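Below you'll find only one chain, the form predicted alone, shown as structure tokens.
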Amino acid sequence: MAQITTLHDAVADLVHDGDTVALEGFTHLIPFAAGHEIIRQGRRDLTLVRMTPDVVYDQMIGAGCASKLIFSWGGNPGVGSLHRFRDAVEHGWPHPLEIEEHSHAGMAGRYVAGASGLPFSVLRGYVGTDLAKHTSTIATITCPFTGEQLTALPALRPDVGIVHAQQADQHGNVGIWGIQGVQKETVLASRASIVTVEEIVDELDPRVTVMLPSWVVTAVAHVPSGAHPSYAHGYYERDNAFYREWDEISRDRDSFTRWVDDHIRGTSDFSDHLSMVRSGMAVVS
């Protein structure tokens, strides 16, 4: 059964150095607060998994949390490159980053296989690409019924899956609506899970389209605006200005480090960071 706790305690209890950790959320409900708490607690040597690594993973990679990234696309959406991600791959700063690249469909299939308790996923895909030459987790399999050549990918089974959602009730049942992404599959595929939520309610909103029952969730933490600068459907809009500002902040190692020291390592929790952003202190000169 899900334990309702603080984000600090959930990360302290469940995320350990060397773990494989997935932070998922597509377009909205991206668990930025959880990513910040992992940085704040100084986790290292993580294998990070995400279909679309964006600013939250740029922050975690630049802060030295990651030694490997499993992904299918990476960028600052609507703006450009992830400069800390590029610096790690191209120059090994703050240390080298191993990458394992897949397609969106391949990553989704791997989560589904993990959530289903299956050893691998099968799909038609990767044909005409060079990914298989560079990625050891892509294999060819022959259908035993038709003889068709298909692509097989091992299931994803993260040590910890982390998502953000709109609501949880007093028992730890989680309700999500809007764009789903692979939040459900991430929780079901992971050995342990953390769900941060906008609010804890007596009864879930009737708009809920996906419910994660408390018995599949390890920990629930109340973190209002925990998806900022992404949006939470029904609660707040995307902070487009922050994404544009991040391009400037992250281009330079020193300005990035000052920002992380001020906004994450120097704060007690995510609400402190949000107060700084809302007061116009997002960019560090």
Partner chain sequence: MTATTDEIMTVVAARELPDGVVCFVGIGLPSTAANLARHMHAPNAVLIYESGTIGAKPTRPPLSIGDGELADTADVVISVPEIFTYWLQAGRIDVGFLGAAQLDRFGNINTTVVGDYEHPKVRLPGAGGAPEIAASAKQTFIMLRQNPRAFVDRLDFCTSVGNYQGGDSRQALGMTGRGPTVIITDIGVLRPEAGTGEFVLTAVHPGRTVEEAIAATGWPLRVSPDLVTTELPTADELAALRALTAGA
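Numbering follows the first chain given and starts at 1. Here the structure is a predicted model, which means the values were calculated and not measured.
This protein has a second form, the form predicted in complex with the partner chain, left out of what is shown; the following refers to that one.
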- Query: Do A63 and the partner chain share at least one heavy atom pair within 4.5 Å in the predicted bound form?
  - Reply: no
- Examine K68 and determine whether its closest non-hydrogen atom to the partner chain in the predicted bound form is within 4.5 angstroms. no
- Task: Answer for V217 alone: is it within 4.5 Å of the partner chain in the predicted bound form, judged on heavy atom distances?
- Result: no
- May I ask you to check whether H228 falls inside a 4.5 Å heavy atom distance of the partner chain in the predicted bound form? no
- Task: Counting non-hydrogen atoms within 4.5 angstroms of the partner chain in the predicted bound form, say which of S116, T129, Q170, T142 makes the cut.
- Result: T129
- Message: Looking at 253-261, 38-46, 228-236, 55-63, which stretch has residues with any non-hydrogen atom within 4.5 Å of the partner chain in the predicted bound form?
- Response: 228-236
- Task: For the stretch 174-201, return the residues whose heavy atoms include at least one within 4.5 Å of the partner chain in the predicted bound form, in the order they occur.
- Result: G178, I179, Q180, G181, V182, E185
